[in-house]
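Take a look at this one chain, the form predicted alone, written out in structure tokens.
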Amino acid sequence: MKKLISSCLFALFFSITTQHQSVSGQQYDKLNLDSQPLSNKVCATCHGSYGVGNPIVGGPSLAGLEPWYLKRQLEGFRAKHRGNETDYVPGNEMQVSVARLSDNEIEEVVSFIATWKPVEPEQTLSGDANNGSALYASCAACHGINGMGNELLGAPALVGRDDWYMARQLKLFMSGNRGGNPDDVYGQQMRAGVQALGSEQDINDVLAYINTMN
């Protein structure tokens, strides 16, 4: 019942906010949900039809996310490598949302999202960027000195992403609620790497530094 109510509230919030969007005819034709497949409509409920994300319902921005990384995450939710975190409603709902997506539908969603224009994230956290710079040294090995990521290492870009979402994920890795599945190789690597961050303040500091790269 809790999840049903939550889903209804998400849909209600989405319907209200989208009514106030104004776009050109060309943009509307491209992004109009009525003309999109069901799988895209489901994504838009929390992530928005423009991929700008919605922190109120826990849906991060998807615009600008690497297609290869997005595909891997959707496959992870479908395979239940992700979304098992205790009391983490957005992750649980993601697992349910993609459970029945076929490989072709995942490709379709990824291709559709790739057409969205990247959005500049709003900085919501504060921290000591100088300390964060030192802490980021361990992150740079995979995500790059400039935070642009490395597909060969399976590490997505960190610049241009929502700091509140990254903070939530780092805490999940730190607690062991994410990255604990033996089939989630990259998640296990992150779970080990995040141990360099000893506290919530360290998380805020490293994200404050990443924000300077935006």
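All values reported here derive from a predicted model rather than from experimental measurement. Numbering starts at 1 and runs along the sequence shown.
Just so it is clear, the following notes concern the form predicted in complex with a small molecule, a form of the same protein that is not shown.
Undergrad: Check whether G51 has any heavy atom within 4.5 Å of a heavy atom of the small molecule in the predicted bound form, and answer yes or no.
TA: Answer no; every heavy atom of G51 is more than 4.5 Å from the small molecule in the predicted bound form.
Undergrad: L65 versus the small molecule, in the predicted bound form: is there a non-hydrogen atom within 4.5 Å?
TA: Yes, L65 lies within 4.5 Å of the small molecule in the predicted bound form.
Undergrad: Does at least one non-hydrogen atom of G91 fall within 4.5 angstroms of the small molecule in the predicted bound form?
TA: Contact with the small molecule, yes.
Undergrad: Does at least one non-hydrogen atom of R72 fall within 4.5 angstroms of the small molecule in the predicted bound form?
TA: Yes - in the predicted bound form, heavy atoms of R72 and the small molecule come within 4.5 Å of each other.
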